[in-house]
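This document starts with one chain, in the form predicted alone, laid out as structure tokens.
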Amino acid sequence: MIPAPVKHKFLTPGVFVLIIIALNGLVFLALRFIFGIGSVTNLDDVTPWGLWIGVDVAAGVALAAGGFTSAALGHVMHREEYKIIVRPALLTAMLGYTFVAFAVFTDIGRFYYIWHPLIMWNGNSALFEVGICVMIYLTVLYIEFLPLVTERFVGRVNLPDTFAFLNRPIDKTLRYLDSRLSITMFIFIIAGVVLSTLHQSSLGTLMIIAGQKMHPLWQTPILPLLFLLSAIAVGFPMVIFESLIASRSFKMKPEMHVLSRLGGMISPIIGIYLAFKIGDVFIRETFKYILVFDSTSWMFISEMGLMFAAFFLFLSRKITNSPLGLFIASSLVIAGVLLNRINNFIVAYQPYYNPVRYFPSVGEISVTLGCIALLVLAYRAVVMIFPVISREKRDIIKNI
């Protein structure tokens, strides 16, 4: 199998729905930048963050973990048979982190100060470490994507007459980049894996320092470890989820020979995460808060229930050999980690003297859904331009 651009029409009924959702989000986004963050959100001086941080940033960073887990499997561990999933996972991670950075830019009240951490360093700040690592890792992801650009356009640069004089310089630049990147790419791959482990865990550190503002069910000294383990646990399910959706959307046969083996690795990873999670609950004796059966405990129960269900499903060979089974099991893991981040950043985090329980506004929900729609549209466009998805050689020739 070789990677090649997907030959398929871009506009479909589903794409039109995504465009409408994206446009709706862009309208509210424009209102946010014109009239201020308070005009479209339910945030205030007491509640400093909400849906955009809990979902767009914290959950977005976790769900983009497929990039570093697949890179570690395919390149660092040299499992050659899994390299066909690395490019789609890299693209998902690159787009995911791009929208995470944009979500941070959107959520900051004075968004025009987002450049401050670049020159105003604070080595004692967990949030500074997260910010710097995310920025560096995003840069690394774009560098890792450059070989796909050179592969696509080397020898094929053909600008119109007015700009024809640029054809040769651009081609020479692409060839130079291709030769240099082939020598140094291993450095960026290792850097990407290391940087990911750093900021995934540091998001947990950020919530530890919230102290008693965090509900005891989630406030634990091992929160950085739990954040890292949950990100690793959702990495492969996210790769499977993306691969199955892309296969169905572009009417291609799913790569079950790879996805099934990938699914077989997931239960042990989830099991390690659940062991630490349950052990922590019993060591700190916080199970008493679960037995209250209020809205908070039910959120914790739902989060754990999703992960347990996925754990048992991935143990079944019948499930891992079925596209539908893999899709359902992977969706449960994604939903469980998504709910975990919502619980940590929104449900469990309650500022002192908060007179009003936070709930996201229509504007916040619209912007979040709009960003997700834009991400899907961007993914669709990129795989139709660049050699991201691998296919059989005969299928590529058939579509030429």
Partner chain sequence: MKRRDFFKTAAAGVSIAALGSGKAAGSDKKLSEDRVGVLVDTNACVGCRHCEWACKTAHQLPASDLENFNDSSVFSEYRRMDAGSLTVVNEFENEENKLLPVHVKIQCMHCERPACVSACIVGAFEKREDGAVVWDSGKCIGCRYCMVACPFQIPTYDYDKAIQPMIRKCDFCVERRDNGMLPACVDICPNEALIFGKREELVRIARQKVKRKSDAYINHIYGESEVGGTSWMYISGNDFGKLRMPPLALNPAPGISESIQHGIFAYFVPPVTLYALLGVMMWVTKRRKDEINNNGNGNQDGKEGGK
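Positions refer to the first chain, counted from 1. Please read all numbers here as calculations on a predicted model, not as lab measurements.
The protein also exists as the form predicted together with its partner chain; that form is not presented, and the subsequent description refers to it.
J.: Counting any heavy atom within 4.5 Å as contact, can you tell me which stretch out of 309-317, 88-96, 68-76, 149-157 lines its partner chain in the predicted bound form?
T.: Going through the listed ranges, the match is 68-76.
J.: Please state whether all three residues 252, 264 and 322 have a non-hydrogen atom within 4.5 angstroms of its partner chain in the predicted bound form.
T.: Not one of the three qualifies.
J.: Of 257, 288, 168, 110, which one comes within 4.5 Å of its partner chain in the predicted bound form, counting heavy atoms only?
T.: Contact check passes for 110.
J.: Here the chain is shown alone; which of 179, 162, 212, 295 has a heavy atom within 4.5 Å of its partner chain in the predicted bound form?
T.: Among 179, 162, 212, 295, a heavy atom within 4.5 Å of its partner chain in the predicted bound form occurs only for 212.
J.: For residue 280, is any heavy atom within 4.5 Å of its partner chain in the predicted bound form, or not?
T.: Answer yes; at least one heavy atom of residue 280 falls within 4.5 Å of its partner chain in the predicted bound form.
J.: Spell out, yes or no, whether the shortest heavy atom distance between residue 35 and its partner chain in the predicted bound form is within 4.5 Å.
T.: Residue 35: contacts its partner chain in the predicted bound form.
J.: Are any of the heavy atoms in residue 242 no more than 4.5 Å from a heavy atom of its partner chain in the predicted bound form?
T.: Flag for residue 242 set to no.
J.: According to a 4.5 angstroms non-hydrogen atom cut-off, is residue 120 in contact with its partner chain in the predicted bound form?
T.: Yes, residue 120 is a contact residue.
J.: So which bits of 217-248 sit within 4.5 Å of its partner chain in the predicted bound form, heavy atoms only?
T.: The stretch 217-248, when checked against its partner chain in the predicted bound form, contributes 221, 222, 224, 225, 228 at the 4.5 Å heavy-atom cut-off.
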